[in-house]
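Given as structure tokens, the chain that follows is alone and in the form predicted on its own.
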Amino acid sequence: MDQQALADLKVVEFTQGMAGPWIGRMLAWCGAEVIRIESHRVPGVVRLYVPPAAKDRKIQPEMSPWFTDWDAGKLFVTLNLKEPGGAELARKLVARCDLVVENHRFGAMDKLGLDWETLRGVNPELIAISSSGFGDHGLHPGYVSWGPNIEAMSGMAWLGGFPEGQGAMTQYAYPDSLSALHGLFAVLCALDHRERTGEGQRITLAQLETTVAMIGPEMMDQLAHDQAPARLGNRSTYRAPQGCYACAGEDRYCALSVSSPEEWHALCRIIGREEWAGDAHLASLAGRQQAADRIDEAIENWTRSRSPQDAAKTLQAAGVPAGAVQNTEDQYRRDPHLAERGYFETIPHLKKGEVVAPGIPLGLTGTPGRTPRAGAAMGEDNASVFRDLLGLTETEYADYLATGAIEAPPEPNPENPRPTGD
């Protein structure tokens, strides 16, 4: 198989949550060697996932689907970084790598003797990305952050929801994934700069700022008019009609958005209101916005007798932007487009044999990515990384284990053994 795009890149991760790990996940999918440093004292939060439909199974650190989604394809070592020997081994790993990814609370790396100046001292060409909630300076670098409070402080949660209601959260750590994508781009920029100049650099990314930047048009409204934009629900300032319309079935909807006279005329024909196409008042965006309730009622009268997929197909065929409002089951089991494109990836799993996971949608056709494995235990790769990559002797490796600097992998669970064979 042809070499993957980032096959020569070596990465060390000191990460938690998603904002850091998902950078490494995408790099590993592109062929990078990504070593994630963990500790039994503070396991990755995604390893602690308990299946909501089977809570009796309790925590299964290798079986969490979140763990596959954010961490598949990496190597896993366990170090106690509070032990001098653990921090020493971490620095040795950094000395042989190209990139460090960390997203701990501001100042945490400094306390472990893994600050930027120290790491740059062992690897002058190093690139390091530090992703934290509020950045490394300003008034609040030490604030604790998770996706929900970043979502709230950025204004994103305030803008969500309907005009008559309260703001709404996404129910997903959206700032984490948004920050990871910004971080990935910054990393690739820094790698390109180093390729041309030989210079490494530190990237300091504030997750609050990446999320504020995402609501740029609304922020421009504030800057231009000195007032907060209105909460619109499913409607739009720039398109009408726009919304989610009830379809046949329980809690099933179709979304559409009209932005041109051609789309408006096509919609009028489809819903049986051809006379509206010649209505001068409804020809303008402002006129359709004033008549939004009346138009929405007519659209919903049409959609209610159709499935979301049938409604969207009819609208799309006429040139009206539309789509079925899908849940995850729809996407996995019933979306022919995702299936045709092979979006979902089947990954070898060290415990289950194989699993299906969301694909990495980077679209590399010349050097397509892949995920070599999922389901690694904590410390799964201790021996291969520290003995084979770092060159520790058997005695040195045993000494680090004895002091607790290298944390031993957990004992196999006899109730859930690994499969044998190929």
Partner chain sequence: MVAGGKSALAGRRVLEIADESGVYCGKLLADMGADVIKIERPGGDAGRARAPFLADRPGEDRSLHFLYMNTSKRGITLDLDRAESAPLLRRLALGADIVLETLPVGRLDALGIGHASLAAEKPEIVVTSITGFGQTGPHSHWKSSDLVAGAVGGPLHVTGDADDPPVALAGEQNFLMASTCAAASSMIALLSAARTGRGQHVDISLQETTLSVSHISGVGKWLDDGIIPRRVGTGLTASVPSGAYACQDGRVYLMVNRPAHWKALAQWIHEETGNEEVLDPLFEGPSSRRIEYRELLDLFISDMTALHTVNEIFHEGQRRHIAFTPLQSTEDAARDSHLQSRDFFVEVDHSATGPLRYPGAPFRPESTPWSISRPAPRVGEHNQEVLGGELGLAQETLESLGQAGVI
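Residue numbers count along the first chain shown, from 1. Just so it is clear, the structure is predicted and the values come from calculations on it, not from any experiment.
The same protein has a further form, the form predicted together with the partner chain, not shown here; the description that follows concerns it.
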Residue within 4.5 Å of the partner chain in the predicted complex by heavy atom, from Glu218, Asp296, Glu88, Asp115, is Glu218
Of Ser177, Gln290, Ser307, Asn80, the only residue with a heavy atom within 4.5 Å of the partner chain in the predicted complex is Ser177
Does Leu139 reach the partner chain in the predicted complex if we count a contact as any heavy atom within 4.5 Å? yes
I'd like to check something about Leu390: if you look in the predicted complex, is any of its heavy atoms closer than or equal to 4.5 Å to a heavy atom of the partner chain? no
Residue-level question: is Lys313 within 4.5 Å of the partner chain in the predicted complex, judged on heavy atoms? yes
Is Ala357 part of the interface with the partner chain in the predicted complex - any heavy atom within 4.5 Å? yes
Out of the stretches listed (88-96, 72-80, 236-244, 273-281), which one is close to the partner chain in the predicted complex, meaning heavy atoms within 4.5 Å? 236-244
Counting only non-hydrogen atoms and a 4.5 Å threshold, tell me whether Ile127, Thr371 and Ala402 all contact the partner chain in the predicted complex. no
Residues in 159-178 that come within 4.5 Å of the partner chain in the predicted complex by at least one heavy atom, in order, are Leu159, Gly160, Gly161, Phe162, Gln166, Ala168, Met169, Thr170, Gln171, Tyr172, Ala173, Tyr174, Ser177, Leu178
